[in-house]
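Single chain ahead, by itself, as structure tokens, in the form predicted alone.
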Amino acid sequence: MKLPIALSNRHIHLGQKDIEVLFGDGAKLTHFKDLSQPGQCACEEKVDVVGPKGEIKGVRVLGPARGETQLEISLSDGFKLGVKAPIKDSGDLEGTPGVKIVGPKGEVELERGVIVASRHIHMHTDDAEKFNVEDNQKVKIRTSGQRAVVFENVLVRVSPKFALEMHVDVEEGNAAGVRNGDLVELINE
């Protein structure tokens, strides 16, 4: 059974309190373009991220606002910043490092919140039934082409709010030779 894949570049999800520190009192995120997941968008706002060894400018903010700020980077970004970001599921921030976030109106020193997002599949409940998988199940995904690989330990996340799509970070996607919208095969053993 096939599903589309998307490559996720570095980005940040901000809590409302941090939005106001970075962009000014009462600031709200400004819609730039819709993302594939319903209700999610890329925002006009960007921030700079400063770590112990380096910085990355112009990191895109994704909306809507979240309960807690979370920066999602690649392993290479972690080397550049000088932080050892663990591979974690989105929202699991326990034991993660922090960095400084710089906006046009202020700075936020995150105590935690930097992760490399684990491979995952967003799946609508109807799709989960078709694929015969459950929420929080781990599956394998096979790509095709010259650089075909099998991704293991891919987390399935099921919700009636999700659209069917696998997410990997841009480094993994590039290594496997896949592009946004390519179809990959779910191996359900």
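For clarity, every value in this text was computed on a predicted model and none was experimentally measured. In case it trips you up, residue 1 is the first one in the sequence shown, and so on.
We do not show the form predicted together with another copy of the chain, though everything after this point is about it.
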| item | value |
| --- | --- |
| Non-hydrogen atom contact Lys84 with another copy of the chain in the predicted complex at 4.5 angstroms | yes |
| Distance check, Glu20 to another copy of the chain in the predicted complex, heavy atom within 4.5 Å | no |
| Glu165 within 4.5 Å of another copy of the chain in the predicted complex, heavy atoms | no |
| Partner contact for Asn180 in the predicted complex: another copy of the chain, 4.5 angstroms, heavy atom | no |
| Segment that reaches another copy of the chain in the predicted complex - one of 157 to 165, 57 to 65, 116 to 124, 26 to 34, heavy atoms within 4.5 Å | 116 to 124 |
| Selected contact from Glu152, Glu129, Asp135, Glu44, since only one has a non-hydrogen atom within 4.5 angstroms of another copy of the chain in the predicted complex | Glu152 |
| Contacts with another copy of the chain in the predicted complex, stretch 1 to 19 (heavy atom within 4.5 Å) | none |
